[in-house]
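Only one chain comes next, encoded as structure tokens, the form predicted alone.
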């Protein structure tokens, strides 16, 4: 009987607990002994590795975050600590390790793979930024979009009541995916993301014309990657002539009850990860595209830049049109 472990690394996302539940239950059906690594790569270094079972995952599927905690580890950058992590896995006779995280976590996974010959690894893209090359979807994105949707719908009510402009900042690091999809699906009047050039003068002309034609309030989505949310709120007030407020949604975008879609994707991601390890994949990331799931080499994922789907960008460019 082989042993298999799982850990969460980097930012938490809703759907991780659903993945943990599937991991335990599917491992046991495949004749594997499941282990949890608590607190990410830090826990791997500190040997926070424990055998797990059905009792540990009862009732967690509806909870956001991750029961086994997560972390960002500076120590893991040093080879001596990675050796300690590998030695800890070997002390539990662990043959396979699944890592839920983003591209930084996958680069760490590749380091472990390069420095060992007896343990195999699989990555599951898990970041609300949805910025992992090679996959069109990362675990947690749908829940995050729904959290943003609920926030914008509520803001619509007060924006209409006061005839204000609300400038809403979404997460995304260097990627505008959350802001773009949220703008398209919330009826926003403005969307600013790093992938699409924009001209504030064009927006100003159009918005002033729309005010003359009866528009009373505005919803603007801005990606945190631009770093100019406060500036845009001031621009509305000073240039467009509309009272404005800024709202940074922040870490609320990572939490919340996972949606049905994220629970289902967690099920699929974990199933393919375990199956891939059983089939002999040494170090791969489970990716999803419209054609289905696949395993990709780490070089195809962690060392390439993600690009938003061109169809979405085409819709997004309509925001930047001239009046």
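Because the structure is a prediction, the values reported are computed rather than measured. Residue numbers count along the first chain shown, from 1.
Although it is not shown, the form predicted in complex with a small molecule is what the next lines describe.
Exactly one listed residue, out of 245, 204, 173, 84, brings a non-hydrogen atom to within 4.5 Å of the small molecule in the model of the complex: 173. A heavy atom within 4.5 Å of the small molecule in the model of the complex is found for exactly one of 182, 105, 223, 127: 127.
Residue 268 falls outside the set of residues with a heavy atom inside 4.5 Å of the small molecule in the model of the complex.
When contacts are judged by a 4.5 Å heavy atom cut-off, residue 72 counts as touching the small molecule in the model of the complex. Of the heavy atoms in residue 90, none are within 4.5 Å of the small molecule in the model of the complex. In the model of the complex, the small molecule stays beyond 4.5 Å of every heavy atom belonging to residue 30. Across the options 210-218, 76-84, 164-172, 133-141, residues that bring heavy atoms within 4.5 Å of the small molecule in the model of the complex belong to 164-172.
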